[in-house]
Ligand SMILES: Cc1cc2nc3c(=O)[nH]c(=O)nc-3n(C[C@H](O)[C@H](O)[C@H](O)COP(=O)(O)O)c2cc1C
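A single chain comes next, written as structure tokens; it is the form predicted alone.
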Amino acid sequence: MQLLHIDSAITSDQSVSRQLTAQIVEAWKASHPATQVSYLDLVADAPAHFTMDAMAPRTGQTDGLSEAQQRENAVSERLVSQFLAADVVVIGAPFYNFAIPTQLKAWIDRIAQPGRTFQYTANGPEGLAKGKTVIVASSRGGVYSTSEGGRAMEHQESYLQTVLGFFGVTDVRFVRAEGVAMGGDAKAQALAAAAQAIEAHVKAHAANQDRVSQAA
């Protein structure tokens, strides 16, 4: 089993989402010892923001590519191949200005490739990255999930659920630590709840795998 571990928080060791992704990966490895882990730090190794140089090969242009177009296409190819090769993807997604970090959005822009992660059909778009499990470690300084106003401002989990679904990923799970900037007690409670969610998600997946193996 191949697991892709992605972090995108700019706050280094102070990052809650980085703490959570590390916990998720360790729990997953303990439950699935044969797991092979690849790591992608989108702050240390961030793809450039999407440009026409990166877009050119997706428009069908394959001949006469400039050096910049070839370079940007190589970045996109590396990232989409890494994503498609993974059975499990763990994504650290902190809540920045009501959405996700620009580094994470740049990664999504690179893997959103027709013919690779999705295609258009007579019946509408179809995701091509099916059969994966994605666990998103979502961290938020405030609390947004418990009120209509808060949910209206949230474009983090909702966006990731939508775009991953567009790619064909139906098994998207969230480990949320919310209110981590609202004092020590609130942060401790949020991290405790997140730890319980991690355990539940990993156990549920292991139990499902056992049922599939027995049925086979």
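Here the structure is a predicted model, which is why all the values come from computation and not from measurement. All residue numbers refer to positions in the sequence shown, first residue = 1.
Unshown form predicted in complex with the ligand; subsequent notes refer to it.
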ask   = Among 88-96, 73-81, 104-112, 125-133, which stretch has residues with heavy atoms no more than 4.5 Å from the ligand in the predicted complex?
value = 88-96
message = I'd like to check something about Thr11: if you look in the predicted complex, is any of its heavy atoms closer than or equal to 4.5 Å to a heavy atom of the ligand?
response = yes
Partner proximity in the predicted complex: Thr21 to the ligand, non-hydrogen atom cutoff 4.5 Å = no
message = Whether Val175 contacts the ligand in the predicted complex should be assessed with a 4.5 Å heavy atom distance threshold; does it?
response = no
query = With the cut-off set at 4.5 Å between non-hydrogen atoms, does Phe118 touch the ligand in the predicted complex?
reply = no
message = Just to make sure I understand: among 143-182, which residues lie within 4.5 Å of the ligand in the predicted complex, judging by heavy atoms?
response = Tyr144, Val180
